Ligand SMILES: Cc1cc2nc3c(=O)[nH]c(=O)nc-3n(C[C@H](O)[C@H](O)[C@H](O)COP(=O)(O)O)c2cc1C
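Given as structure tokens, the chain that follows is alone and in the form predicted on its own.
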């Protein structure tokens, strides 16, 4: 009975969190011993063709973002995803129904960018994508590359974003979540919404949900 009430309390906390537009969402420390083996996760990795609408729990979201591009060596400030010349150029924007947030890896928290549901801008013509309760948008800020070869910089940016997206895919496979990497989105609408600088490039997006339940 006690476990039941704890479960209900945690569920209420999750629903309360995503029912509001908080200025800052403090994420939970990542759980390091969850999930399956790397080889098993690779065997399960697949691009989802449908998404469940159930809200993602705060621990799952916390672990997802840390796995994607969190800090795994605090003493050096280095990440779970490598980047060319350690530019750490990839930012993760988190789209949920109450707003758009940016992931702060140093504080392991989310900062509000703009309120309301803007997932349709990422879904664009693929309306089924809006069913995913969380969509991660990967943006590379190429000004962080202290280099003067523009063509090489864009290759690096694409590679770095691809690695972050793969981290997302492998974590989701390990944790029983569904995702797919996507290139298509309403780029002009997103640039205007997020007020991106010329140096910030929209690279990829990953809708994330729990695996679609049978009969739903």
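Numbering follows the first chain given and starts at 1. Fair warning: this is a prediction, and the values are worked out from it, not measured in the lab.
The next section is about a form of this same protein that is not shown, the form predicted in complex with the ligand.
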**Request:** Only one of 143, 72, 115, 126 comes within 4.5 Å of the ligand in the predicted bound form by heavy atoms, so just point that one out.
**Result:** 126
**Residue (of 46, 26, 155, 31) lying close to the ligand in the predicted bound form, criterion heavy atoms within 4.5 Å** = 46
**Fill in**
Only one of 52-60, 31-39, 144-152, 182-190 sits within 4.5 Å of the ligand in the predicted bound form by heavy atom distance, namely 182-190
**Prompt:** Using 4.5 Å between non-hydrogen atoms, is residue 196 touching the ligand in the predicted bound form?
**Reply:** no
**Asked** Taking 4.5 angstroms as the cut-off for heavy atoms, does residue 202 touch the ligand in the predicted bound form?
**Response** no
